[in-house]
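Shown below, as structure tokens, is a lone chain in the form predicted alone; questions about how it binds or moves come after it.
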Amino acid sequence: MEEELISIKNSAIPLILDAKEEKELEELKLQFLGRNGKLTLALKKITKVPPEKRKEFGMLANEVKEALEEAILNQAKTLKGSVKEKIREKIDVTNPGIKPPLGHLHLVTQAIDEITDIFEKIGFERVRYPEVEWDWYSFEALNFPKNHPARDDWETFFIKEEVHPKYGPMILTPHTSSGQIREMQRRKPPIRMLNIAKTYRRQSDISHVPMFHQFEGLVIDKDIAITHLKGTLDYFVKSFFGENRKSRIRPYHFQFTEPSFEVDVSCGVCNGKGCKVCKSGWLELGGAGMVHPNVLKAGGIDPQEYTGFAFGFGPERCMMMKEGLELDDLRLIYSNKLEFLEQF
């Protein structure tokens, strides 16, 4: 029996030392030390050893097992060292490193940055005013009557705060137009303001979200006319959508402008000829108009001396029209679905 143990040791050690790969070493470990390995099967024969020789047999068996385990461990260290050395030899430190994956700005943020850059080139100053606003700035000073539907709690988010004796209840601003009054209070004409901010309305469905963005343009100076408004709109449309696109204005009604207009952009698919996308050749963009005299008065500006125009659009809508997106659900823009966001 002792001869069998010594034979197992003598045959295993050379094989272990000659192993070239970790996989080969693992197979040798199973061959000799596994559940059905040669040494394991030999140890099971201890019951056949005479009682007086079992102690001597057990000591020899442990020595053989320890020798094999130590040889396997040492060879494993040698193989790992050899692999590391090969890796070092293959590395060329002059090669450029692997760049980690990088994210990008949200598609709405990209649109806002582009819009800002366009208007800054013609002298508009980017400003930012409170998202938590007083009723007076959002409605009263903008010529909204007391019973206007927009001032209802079905349309506007009201804040649980004590009503101000002058400015009324506190609300989440429903439009960036409140910035017009604050800008007029901040400085005297000439004014060229671009206010881009989050706005809030109690609407949530496939075409509305309770929080969205608006950008508000305001120009006030002497002798400002509708022609200045139309020229500014044309400049923005061609800069943002492309040189072949056109803008038009249609009579409409807004409380804080007179006259008021809806602004349309020629369809980028049919170039204004009419197609399945636009029907008439035009796509609605937003609202605009000449600043109402009552709004100028609320901002502390004499309407007999100064005139101005204002416009308000949604960056989300502008972005969707430019990209040609036809979303079944607008809320997808503000979701965390990477398969959608990574496209931009």
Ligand code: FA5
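All residue numbers refer to positions in the sequence shown, first residue = 1. It should be emphasised that the depicted structure is a prediction, and the values quoted were computed from it without experimental measurement.
If you look for the form predicted together with this ligand, you will not find it shown, but the lines that follow are about it.
- The three residues 110, 239 and 241 each lack any heavy atom within 4.5 Å of this ligand in the predicted bound form.
- This ligand is not drawn, but in the predicted bound form it has no heavy atom within 4.5 Å of residue 73.
- Residue 175 belongs to the set of residues with a heavy atom inside 4.5 Å of this ligand in the predicted bound form.
- In the predicted bound form, residue 203 approaches this ligand with a heavy atom inside 4.5 Å.
- Mapping the unseen interface onto this chain, residue 310 counts among the residues with a heavy atom inside 4.5 Å of this ligand in the predicted bound form.
- Contact with this ligand in the predicted bound form, defined as any heavy atom within 4.5 Å, is confined among 185-193, 252-260, 116-124, 265-273 to 252-260.
- Residue 214 is the only one of 156, 143, 214, 232 with a heavy atom lying within 4.5 Å of this ligand in the predicted bound form.
- For the options 296, 285, 61, 68, the one in contact with this ligand in the predicted bound form, meaning a heavy atom within 4.5 Å, is 285.
- Annotation: residue 175/residue 154 CA-CA distance shorter in the predicted bound form than in the displayed model, change of at least 3 Å.
- The pair residue 176 and residue 153 approaches in the predicted bound form: their C-alpha atoms are at least 3 Å nearer to each other than in the form depicted.
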